[in-house]
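This document starts with one chain, in the form predicted on its own, laid out as structure tokens.
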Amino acid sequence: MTERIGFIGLGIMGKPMAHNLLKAGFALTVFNRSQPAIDELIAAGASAATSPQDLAARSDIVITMLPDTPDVTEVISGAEGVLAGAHKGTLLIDMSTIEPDATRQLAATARQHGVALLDAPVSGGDKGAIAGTLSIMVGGEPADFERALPLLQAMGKTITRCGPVGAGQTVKACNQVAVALSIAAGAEALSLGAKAGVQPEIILKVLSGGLAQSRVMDLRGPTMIQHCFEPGFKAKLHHKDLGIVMQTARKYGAVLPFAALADQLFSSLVANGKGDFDHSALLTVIEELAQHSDSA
């Protein structure tokens, strides 16, 4: 644990991930756009940087956990970005969910600075981030993966090298298709049963005990039937991810009719001002289409 670690992006997911690195004994420097999260990490034992460039100058391994492709690009390759402060041999681990092609371009730029890059997006939501049980899908060179593994093990439970740079982002796109369709399926089942007069709690109990059981409904089902949509993963970010899915599908000629429908349903959710709700708020779109009186 002698390597110095930097962490950029202390949001719903990033903040508990950074806490887990501290708990594992890593020396951590953090940077974030808003100060309260930085103050919380300082109180837990981290140091603070003044910019991504400053953080990289103090770190041997830099982790980024940011909302979207433009954010990652600016933080890594901007005028005061990570690459401006990194030294030869720095390892960059981007745990954001961004476009696979953008990941490959950033990796090529990083190599020109003597910096290696892994793409390591995650699945598991805020609960997985807090518990340190995230599923982490990694793209990059085997030696870089081995170097990063102790850090990834502090934040996740299922850690898989998926292939070269960009492969992690591709697998994350696949994951987001499955999660979106699981939420949509659960929403339709709950809406149908409730319209027919069955209590949602009964529907969820039966779904959870049979072939329809899923991790998504285990985690989100109880809050869905309560219409509690405090974000564990914001709907607007899942909508962004589905845009990456459809872009990737067009590139490779994959036919994803149900993912395309989910993308449109999430478009409706975001357009109606619910982008900051949890992605399980997709239930409200289904309820509104059915003119269901319990819609929140």
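Because the structure is predicted, anything quoted here is derived from the model rather than measured. Heads up: residue numbers just count along the shown sequence, starting at 1.
There is another form of the same protein, the form predicted in complex with nicotinamide-adenine-dinucleotide; it is not shown, and what comes next is about it.
Asks: Can you work out whether nicotinamide-adenine-dinucleotide is within 4.5 angstroms of a heavy atom in all three of Ala178, Glu188 and Ser280 in the model of the complex?
Replies: Answer is no for this spot.
Asks: My question is simply whether Gly275 lines the interface with nicotinamide-adenine-dinucleotide in the model of the complex - judged by any non-hydrogen atom within 4.5 Å.
Replies: Taking the distances in the model of the complex, the answer for Gly275 is no, it never comes within 4.5 Å of nicotinamide-adenine-dinucleotide.
Asks: So in the model of the complex, does any heavy atom of Glu141 sit within 4.5 Å of nicotinamide-adenine-dinucleotide?
Replies: Looking in the model of the complex, residue contacts with nicotinamide-adenine-dinucleotide do not include Glu141, since no heavy atom lies within 4.5 Å.
Asks: Contact with nicotinamide-adenine-dinucleotide in the model of the complex for Ser34, defined as at least one heavy atom pair within 4.5 Å: yes or no?
Replies: Ser34: yes, in contact with nicotinamide-adenine-dinucleotide in the model of the complex.
Asks: Can you check whether Gly125 is within 4.5 Å of nicotinamide-adenine-dinucleotide in the model of the complex, heavy atom basis?
Replies: Looking in the model of the complex, residue contacts with nicotinamide-adenine-dinucleotide include Gly125, since a heavy atom lies within 4.5 Å.
Asks: In terms of non-hydrogen atoms within 4.5 angstroms, which of the given stretches 237-245, 41-49, 259-267, 55-63 touches nicotinamide-adenine-dinucleotide in the model of the complex?
Replies: Heavy atoms within 4.5 Å of nicotinamide-adenine-dinucleotide in the model of the complex occur in 237-245.
Asks: Using a 4.5 Å heavy atom cutoff, which residues in 54-87 contact nicotinamide-adenine-dinucleotide in the model of the complex? It's fine if the answer is none.
Replies: Going through 54-87 in order - heavy atoms within 4.5 Å of nicotinamide-adenine-dinucleotide in the model of the complex - the hits are Met65, Leu66, Pro67, Asp71, Val75.
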